[in-house]
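Single chain ahead, written as structure tokens, the form predicted alone.
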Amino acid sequence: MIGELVNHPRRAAILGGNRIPFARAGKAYRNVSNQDMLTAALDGLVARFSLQGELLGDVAAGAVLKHAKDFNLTREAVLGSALDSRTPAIDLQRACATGLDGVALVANKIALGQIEVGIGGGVDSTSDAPIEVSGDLRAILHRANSARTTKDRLKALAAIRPSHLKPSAPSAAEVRTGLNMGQHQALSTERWNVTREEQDEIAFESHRRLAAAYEKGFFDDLMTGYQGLARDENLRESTMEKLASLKPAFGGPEGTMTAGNSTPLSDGASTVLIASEEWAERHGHQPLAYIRDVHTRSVDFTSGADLLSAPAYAAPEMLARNGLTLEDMDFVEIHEAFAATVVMILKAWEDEEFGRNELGLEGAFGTVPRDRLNVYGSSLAAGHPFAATGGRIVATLAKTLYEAGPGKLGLISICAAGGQGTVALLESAR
């Protein structure tokens, strides 16, 4: 289906984005909800593009972690924003690829002529992650709730034991393996011989480049301050020596993955405004970039594939159907779930055997020059509120491409839980 859209004459244009600074878990945003943050990100976009009272075609966003009461989170955020309250909205979720998939959903509707303008994005709060009761306590509460008499209700509640009161905290562990993301990546890190130095270099550059982007004002029209934060809370001055001094966080005592080269638990929200060229012209907006293609791929990690490796397959497939190669990409954005994930994907693309056996190519897929990779930093420095990461990357790359000039191309690669990965191809609209 997506392949049929590649040559569709109606292009989906990225006009801009807005996010709130990302915060570390339990810090600046500890008292605000997913709805609060998504509404703030939406209202910042509304203000920037004069969308007050505008009826949009759709708003597609979501959260990986949300309370049951937030089943209609995005619609509630729209209702609380300055948009026309009749603007429809949809919640979606593909783990860390949620934000990018929200952008893709809106872009596809525009490409098909179903809507003229919409917003994609995402939000996540690890500070306000839902805490579940135990299965035994839940069963007792259900029995008490359905009891017809006070006596029966008290009888049901009398069955509660201290052991039933232990809460069930949210977990990032894969259901089928019981391993969390870091544990899975630690296995892949060893398999691909990713060194500590390679990981620390990725982390160091992420902080250095994000800091430089702030200094040059790159994010001035991509971000709105919130709750006293004007910059991402995780950003800091770092050195290779400091990074090398950190103890392993995953992979045991001999592991190479640390808190410094892994993304921290974070809170935040991001939004991206997408429209037809006709709508943009009528409203006096210059598009930054066009969305040429989006592709999602999965790998069978239950049979031994690397959990976070799906983008290593998805990107070659997407570029091939567009008649492009990795060498054609002027900029490449690889989500830094872990620095080791970035290195693993780069190594896979550079590996002759992987290219032949896994991708069906004559040799390696290609090499990404480091000066084209995550040029304004990425998740290791900015933080990684799961569903908000896609919107951050799309808006950043769209502006990067616009500033670089006509004909410039950019690739986005985002890995996700469940062995999934979503990639996107953007083209400068300048």
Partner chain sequence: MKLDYTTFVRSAPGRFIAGKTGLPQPTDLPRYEDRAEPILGPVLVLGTSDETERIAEQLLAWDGDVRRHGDDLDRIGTIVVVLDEIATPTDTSSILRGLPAAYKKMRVGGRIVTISRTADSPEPAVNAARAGVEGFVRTLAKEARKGTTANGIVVDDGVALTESSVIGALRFLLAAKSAFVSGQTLRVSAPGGGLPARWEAPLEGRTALVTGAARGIGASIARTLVRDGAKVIILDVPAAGSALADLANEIGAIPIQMDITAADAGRRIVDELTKRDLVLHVLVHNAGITRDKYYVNMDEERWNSVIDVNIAAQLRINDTLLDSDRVGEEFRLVSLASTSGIAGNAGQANYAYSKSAVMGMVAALAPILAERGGTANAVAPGFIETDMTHRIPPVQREIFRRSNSLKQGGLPVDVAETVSFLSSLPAGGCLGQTLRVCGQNLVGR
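From a predicted model like this one, the values you see are computed outputs, not experimental measurements. Positions refer to the first chain, counted from 1.
Below, we refer to the form predicted together with the partner chain, which is not included among the displayed structures.
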Discussion item. Quick one: Gln52, Asp220 and Thr224 and the partner chain in the model of the complex, is every residue within 4.5 Å by at least one heavy atom?
Written reply: yes
Fill in: Listed range touching the partner chain, judged in the model of the complex by heavy atoms within 4.5 Å, from 40-48, 62-70, 367-375, 383-391
40-48
Discussion item. Residue-level contact is defined here as any heavy atom of the residue lying within 4.5 Å of the partner chain in the model of the complex; does Ile140 satisfy this criterion?
Written reply: no
Worksheet item: Applying a 4.5 Å heavy atom distance criterion, does Leu229 contact the partner chain in the model of the complex?
Response: yes
Fill in: Non-hydrogen atom contact Ala82 with the partner chain in the model of the complex at 4.5 angstroms
yes
